[in-house]
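One chain is shown next in structure tokens, namely the form predicted alone.
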């Protein structure tokens, strides 16, 4: 197809499936030819607003297990959408192979080309190449695994009743943030292997049961009890609480252990997304901006298309000022896009300030440096490594101290050498997962008498647990563990500042 036909097709406000196919082909060609993008095959779904609301409720996954929460989220979003309190995004994309993206059917042709460049090239390349997604998720098998999870939950509901199943899932959902391996890389998912593992587990359990164990002599029983009393369990603190319960809960039946495993596998799948929001959206925005501009430079798009594109792109990266009634924090699209654009600027047109702050970027190939950043960092380390004084000035960033003992806020960092470093450090910490998820680990189990589970919360930055939420979490833990649970909230000196038990 020649450039004239592309221009005529993309300047028409009405699109058809030939238009979408052409947009996918041309953006894929530009992405690979000019920007070295390595992507999964794309699967583009055109959805109605109702289907997009459904995708919202299922967090993008086309298939998942049944649970009341998904229905509740759908109704809440639907009510908010129908009353005009929320809008729907133009697209949604999930980390899978093929990479599934949902595009709204009422998008204009320009918006369709934009979201295809954004999701099918930008997000897709990020999912395939960022180290967190590569090492901690299974894009090839997540859809098959969710089919296995759905079928297993349905079988459990038939056999044990939906109330019992939802009770376990409720408890697991409350603990999802504590069902993630942060350091140990999880094994790749496979629905066939999961089925085989379940059958093997049931067989081993049957073979290992021996009623003669109850007839052990009293002396030998006491010797075993003394040995167990001396041994600390677990030997090292365990951060993955759901994993610990799945493997070690004294009375939990096999089917409940499997439900816990399903929820923590889903939690593991979403773990990188929470760590890379700024980078992921920033890189996708950076890529759609460059791909569309390249298409315009090459003569595939006309001026009318570009005017609509620039208006939409400006809306994506709009950042309200801190004193605006519309301000709700930093726009991750804006922050990520600005940093990636700044990496390109520093490589091509560095200033004296850049030479001092980023000596390793000066004179380098900007595209290679953008790929290095995209592939090897997460939000907190990305900001700590690449946020420059120029971006801080452009975005008017400053640091505010909110001390509960003081009557007024205090501006602690402004735009000077010391202030830049403090702002960068503070913003990096703000995007660190530990600032959102408390550090709680399994410390001990009383294997001798009570089977009591003891957890330690290590207080960071003087932030205590919210009392009601801590008590609710303990209640869910007790439900799964089925024995007493206690939680110590401990400061750096090793002194308990709060204590919860159930």
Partner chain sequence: MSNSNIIDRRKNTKGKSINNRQKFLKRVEGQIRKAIPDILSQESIKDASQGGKVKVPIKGVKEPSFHHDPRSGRKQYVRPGNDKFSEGDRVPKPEDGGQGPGQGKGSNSPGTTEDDFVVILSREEFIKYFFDDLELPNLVKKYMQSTVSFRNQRAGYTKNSIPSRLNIKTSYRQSLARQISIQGAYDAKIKKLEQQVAQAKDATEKERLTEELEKYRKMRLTIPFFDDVDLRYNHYERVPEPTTAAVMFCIMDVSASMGYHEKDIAKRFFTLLYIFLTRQYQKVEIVFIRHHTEAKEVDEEEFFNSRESGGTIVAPSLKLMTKIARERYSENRWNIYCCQASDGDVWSNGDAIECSQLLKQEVLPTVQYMAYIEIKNRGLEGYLWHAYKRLRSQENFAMRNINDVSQIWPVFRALFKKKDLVEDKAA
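Numbering follows the first chain given and starts at 1. Because the structure is a prediction, the values reported are computed rather than measured.
Here the subject shifts to the form predicted together with its partner chain, a form of this protein not shown in this document.
Annotated contact segment (heavy atom within 4.5 Å of its partner chain in the predicted bound form): 426-434, selected among 340-348, 246-254, 293-301, 426-434. Within this chain, residue 174 lines the site of its partner chain in the predicted bound form, having a heavy atom no more than 4.5 Å away. In the predicted bound form, residue 34 stays away from its partner chain, with no heavy atom inside 4.5 Å. With a 4.5 Å cutoff on heavy atoms, residue 406 counts as touching its partner chain in the predicted bound form. Using a 4.5 angstroms limit between non-hydrogen atoms, residue 451 is distant from its partner chain in the predicted bound form. Residue-level contacts in the predicted bound form: of 162, 131, 270, 366, one residue has a heavy atom within 4.5 Å of its partner chain, and it is 162. Distance criterion of 4.5 Å from any heavy atom to its partner chain in the predicted bound form singles out 397 from the list 361, 397, 316, 146. Residues 15, 17, 20, 21, 24, 25, 28, 41, 42, 43, 44, 45, 46, 47 are the members of 10-47 with a non-hydrogen atom no more than 4.5 angstroms from its partner chain in the predicted bound form.
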